[in-house]
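Take a look at this one chain, the form predicted on its own, written out in structure tokens.
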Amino acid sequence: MSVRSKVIEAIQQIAKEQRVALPELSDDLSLHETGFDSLAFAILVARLEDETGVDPFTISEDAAFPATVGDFVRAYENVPA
């Protein structure tokens, strides 16, 4: 399964668990527009760290939280191996 697929699947699963009605996910969709609150994002990052073994937001001193779904996916895709 690709990194993109893992991230999208995790977003969809957490939305279901948190009873969030997700809009259609696209790379240019603002993370704010997903309907996730800070708890849902924390769960998402923790779950992806459990699954991938990395948290791209803590491995770099200058990491900024992404603005769009595409930025979020790329944060995980661009983690050095």
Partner chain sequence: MSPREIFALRDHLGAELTGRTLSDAHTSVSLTDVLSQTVLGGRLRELSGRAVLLKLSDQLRSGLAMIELDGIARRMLLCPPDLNPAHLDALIADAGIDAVVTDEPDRWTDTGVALVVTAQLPLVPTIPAQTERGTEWLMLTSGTSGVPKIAGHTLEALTGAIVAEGSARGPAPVWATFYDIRRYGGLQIFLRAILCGGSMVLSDPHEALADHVARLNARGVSHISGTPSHWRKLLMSGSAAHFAPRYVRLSGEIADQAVLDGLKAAFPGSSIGHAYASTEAGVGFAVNDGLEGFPADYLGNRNGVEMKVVDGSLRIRSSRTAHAYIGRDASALTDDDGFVDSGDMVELRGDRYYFVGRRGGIINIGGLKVHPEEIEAVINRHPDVRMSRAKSRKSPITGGIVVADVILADGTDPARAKEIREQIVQQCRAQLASHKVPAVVRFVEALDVTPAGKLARTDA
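In this text the structure is predicted, and so the values were computed from the model without any measurement. Positions refer to the first chain, counted from 1.
Quick note: we don't show the form predicted together with its partner chain, though the next part is all about it.
Q: Verify the flagged residues Glu24, Thr68 and Asn78 against its partner chain in the predicted complex: is each one within 4.5 Å by a non-hydrogen atom?
A: So, no: the whole triplet misses its partner chain.
Q: Taking its partner chain as it sits in the predicted complex, is Phe41 near enough to touch it, meaning that at least one heavy atom pair lies within 4.5 angstroms?
A: Close contact exists here: in the predicted complex, Phe41 approaches its partner chain to within 4.5 Å, heavy atoms only.
Q: Can you tell me whether Leu29 touches its partner chain? I mean in the predicted complex, with a 4.5 angstroms heavy atom cut-off.
A: Leu29: no, not in contact with its partner chain in the predicted complex.
Q: At 4.5 Å between heavy atoms, is Glu33 in contact with its partner chain in the predicted complex?
A: No.
Q: Look up in the predicted complex whether Gln12 has a non-hydrogen atom within 4.5 angstroms of its partner chain, and give yes or no.
A: Because no heavy atom of Gln12 falls inside 4.5 Å of its partner chain in the predicted complex, the answer is no.
Q: What residues of 1 to 33, in sequence order, lie within 4.5 Å of its partner chain in the predicted complex by heavy atom?
A: Contacts from 1 to 33: Gln13, Lys16, Glu17, Gln18, Arg19.
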